[in-house]
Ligand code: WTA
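Take a look at this single chain in structure tokens; it is the form predicted on its own.
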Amino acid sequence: MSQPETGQIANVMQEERLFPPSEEFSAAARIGSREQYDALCERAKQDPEGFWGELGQQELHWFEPFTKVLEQQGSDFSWFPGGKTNVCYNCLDANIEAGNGDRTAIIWEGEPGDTRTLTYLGLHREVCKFANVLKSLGVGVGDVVSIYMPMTPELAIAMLACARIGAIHSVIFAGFSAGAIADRNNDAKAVVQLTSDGLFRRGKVLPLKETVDEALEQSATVGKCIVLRRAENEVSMTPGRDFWWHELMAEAAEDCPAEPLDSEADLFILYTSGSTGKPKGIRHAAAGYNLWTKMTFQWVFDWRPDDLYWCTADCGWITGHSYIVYGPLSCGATVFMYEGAPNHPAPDRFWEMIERHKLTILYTAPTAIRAFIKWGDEHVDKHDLSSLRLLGTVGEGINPEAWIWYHEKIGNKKCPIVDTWWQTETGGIMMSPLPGVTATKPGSCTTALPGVVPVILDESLMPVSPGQGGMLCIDKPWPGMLRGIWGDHDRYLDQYWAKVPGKYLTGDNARIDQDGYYWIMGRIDDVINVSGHRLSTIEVESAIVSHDSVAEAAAVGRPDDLKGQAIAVFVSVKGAEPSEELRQELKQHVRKEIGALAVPDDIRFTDALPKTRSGKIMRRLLRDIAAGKETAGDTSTLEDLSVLAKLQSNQE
């Protein structure tokens, strides 16, 4: 292998398999030809303000029209300034006014098997009542409401009620510790806390109120707490502070006009993990975010009014915000929500629900797909998944072998797969196949959506050669972009705009292949520098996972006196016992798949990998373990601390 140019990342993985959409799918798709897609992209590139201005007028309701499409001052952006809108109005009232009030908005299933259905009219009524509940407790425009709730319809109702009255919601995944809740509450200066008595997870009740009580002892600004009765577990209620959801709702009026809000009013804060130990609150503004999630939902999922759409994410993450609540409901879609675990009461729970509800679109994470593979095909084979017409992946790059399994076992080789790349900061999908247009390649997010202009740069900020990897940046503003970090504008400027002036730095590495397809190569700090060659962790991991005995793998670099960095891989196996023979076999497998340079120096077997609660592998913790260092930084998003403790105790 030749020495890559300075700052570029060597590409050692080749994937040439192509899966074009069927003629039948393309013929019925919203965007069904390359010509349509190219025309959209060209219009967005040549006349971005005309393109987005036209869509803004057509797709959103305005109490007062915007006077301009985009204003920019340095790295601060305002979309549709002068306009007044309301995101909740666009999700609910606009659909009712269009005659779709009786259309189903949410089909919900709880882990124990209980179900509920809400039409757009029914959801509107519940949202208005809860908006009045919030107002009765003194919540107004610009106040922050902290939400720590299970995946029930009330979580979506709470988000929409905040949007209706101009309150800013901060949804915290219902699995974080009391300290993590308090940190977020204090940073946001939240005034009201929403929670539940408990939630169901793998047949057990997790006591949420108990955790919230501890958090509120450290949350100086929170004066009121509203508690949903869900799991019927015992809770303590503090008089004057704590209120039952159902009691407040019983007294609430059903009419609450949507507040006309400035286009740039903050819609929500969403905290993401920070390597410094302090989570950062990403700010998203009303109008631009609303338009971006609506358009990307239509484009990427080829949404049709008769679809039954399921995004398996939790509303505690950006995927739940954008593609369970705001994007789909703005379109008038029917959304399926599920409360519990994918393997309760059995590993076929997802497939059983898809068959029973006849769901048509499934959007899930590569982590979940790899878990399904590990659990065995027999759980899929017993169910009829023929209602599915489109599959999607989100959260991290998907390795080609998992992609192929998803395509063959879940999609029955007939469903296009939209492999989406985006971030909390981008608000919505930035790169993805369009299912009626794009011939897909396993592991590639293919091409950018209209209005997204990616560039890949090396460390000297020069464009990389085709096939080589570098820093992925976005060259032009887009409506769904973040507006800042809550309470820390300098950090926003420093993290996203300072290193590459005039361009948004994503923090990810990527390459573009000979067909113009993009491949995400992991986070910038996930690159391994071996003897002057910069290798992507994703490519090493994909090679190892393609071995039949491997369920999951995470590759990191550790310091090495000779090579600069050595490759350490943490491996979780399936259908085999960890052994020295398997370790050597895996090294030979990598040598055969991508070459000697990428052969791991260390392979460490582990029952599980440390992951965030949204399923992303926390590689920075593994880097510390591989280097024999004490772990540092924020671990509040870690799903299971015992996994980390076990890895630390087993250091070789």
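The first residue of the shown sequence is 1; numbering continues from there. This structure is a prediction, so every number in the text was calculated from the model and none was measured.
Another form exists, predicted in complex with this ligand; not displayed. Remarks below refer to it.
Note on contacts: among Val452, Val325, Ile157, Ile520, the single residue with a heavy atom within 4.5 Å of this ligand in the predicted bound form is Ile520.
Proximity to this ligand in the predicted bound form, taken as a non-hydrogen atom within 4.5 angstroms, holds for one residue of Lys616, Arg604, Arg620, Lys587, which is Lys616.
Looking at 255-263, 316-324, 479-487, 222-230, the stretch with residues near this ligand in the predicted bound form, meaning non-hydrogen atoms within 4.5 angstroms, turns out to be 316-324. This ligand is not drawn, but in the predicted bound form it has no heavy atom within 4.5 Å of Asp302. The closest non-hydrogen atom of Gly198 lies beyond 4.5 Å of this ligand in the predicted bound form. At a distance threshold of 4.5 angstroms between non-hydrogen atoms, Gly397 is in contact with this ligand in the predicted bound form. In the predicted bound form, none of the heavy atoms of Phe268 sits within 4.5 Å of a heavy atom of this ligand. If you take 417-437 and check each residue for a heavy atom within 4.5 Å of this ligand in the predicted bound form, you get Asp419, Thr420, Trp421, Trp422, Gln423, Thr424, Glu425, in sequence order.
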